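First structure 1, then structure 2: two forms of the same chain, each alone, as structure tokens.
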Structure 1
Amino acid sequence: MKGFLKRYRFFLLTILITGALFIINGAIGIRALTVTAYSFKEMLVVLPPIFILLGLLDVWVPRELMVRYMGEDSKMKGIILAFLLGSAAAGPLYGAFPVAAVLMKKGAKFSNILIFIGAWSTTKIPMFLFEVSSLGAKFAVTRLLVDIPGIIIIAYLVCAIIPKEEVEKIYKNIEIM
């Protein structure tokens, strides 16, 4: 029970806040629940296949293959693959982290992981098409052209600043998750 409370304390806190919203303003409370119901549905639809895919990835893709294509010496190949994997993804950003964890377990380089997350967050192909239709091609293409180098620069900057030991710690932490 105590473990449950500790694990779910953040969730329980948000339930309390939603409850408080209801007391302060019923309409806002209902709106909050409507949005939550919508996101919850999205989660139920999108997350199961993502997690099944990452389970399959974990079991079937040998470490050597991942190291060769996304590891320390993967260079351009790794960057492109990280972009493609992230851009082909579906689902909200929080779906990217567990996938990133499996890639790391298999020996993907840290900068490639950051590129993968960046791509997942911004350069998703279906989203791009949607952006073109809503805000126009000029807007969407400009953003894409700025975002691609931006994602790579941010990945390398973060890698340069974070000490090696910390990266190793993150890899170890993911290993035991």
Structure 2
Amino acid sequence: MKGFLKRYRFFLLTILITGALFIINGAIGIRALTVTAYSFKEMLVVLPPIFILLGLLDVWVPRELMVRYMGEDSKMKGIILAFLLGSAAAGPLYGAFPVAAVLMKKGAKFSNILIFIGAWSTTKIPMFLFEVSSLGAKFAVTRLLVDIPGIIIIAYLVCAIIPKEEVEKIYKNIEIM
């Protein structure tokens, strides 16, 4: 029981706060439930296809191949592949984290994982096309040209700041999952 409470403490606290909202102001409580239901429905639409693709990636792509193209010695080819995977992705950012976990499990370098997540969040192809059509090509290209080196710099700075033991701990936790 103690483990259950510890594991789901945020969820249980959220239920308590929502219940308090209903007591204090029913309209706000209903609004909170409406937003929660919408978000939950959106996740149910997005996550199953991502998990199916992850299962296929896990089965079809051998670890050796991932290590060769995105591992410690991948250099520029790992960076480019991380950008391509992240930029070609569709869906909200929370979809990137299960993909990143599978990439880590397959032996991708930590900086390439960070680049992948950065690319997923800022350089998606559909977003770029939308920006070209609504804000102009000059803006879209300028933003992209600023984002690409920015993502790489941030990824390598994060790798330099985080101790190797922490990164190893993250990889061990991924292996357990």
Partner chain sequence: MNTYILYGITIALLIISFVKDKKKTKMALKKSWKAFENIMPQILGVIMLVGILLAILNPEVISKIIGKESGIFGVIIASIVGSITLIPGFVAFPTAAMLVENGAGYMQIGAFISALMMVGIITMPVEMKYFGKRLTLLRNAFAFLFTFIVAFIIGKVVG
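Only the largest set of C-alpha atoms that superpose within 1.5 Å between the two forms is called the rigid core. Values in this document were obtained by computation on a predicted structure and should not be read as measured data. Structure 1 provides the reference sequence; residues are numbered from 1 along it.
Of the two forms shown, the form predicted on its own is structure 2. Where the chain switches from one rigid part to the other between structures 1 and 2, the hinge residue selected from 76, 48, 137, 24 is 48. Of the two rigid parts of this chain, the smaller turns against the larger by 13 degrees between structures 1 and 2, per C-alpha superposition. Look at residue 42: with the core superposed, its C-alpha moves 4.0 Å between structures 1 and 2. In the core-superposed comparison between structures 1 and 2, the CA atom of residue 29 travels 7.0 Å.
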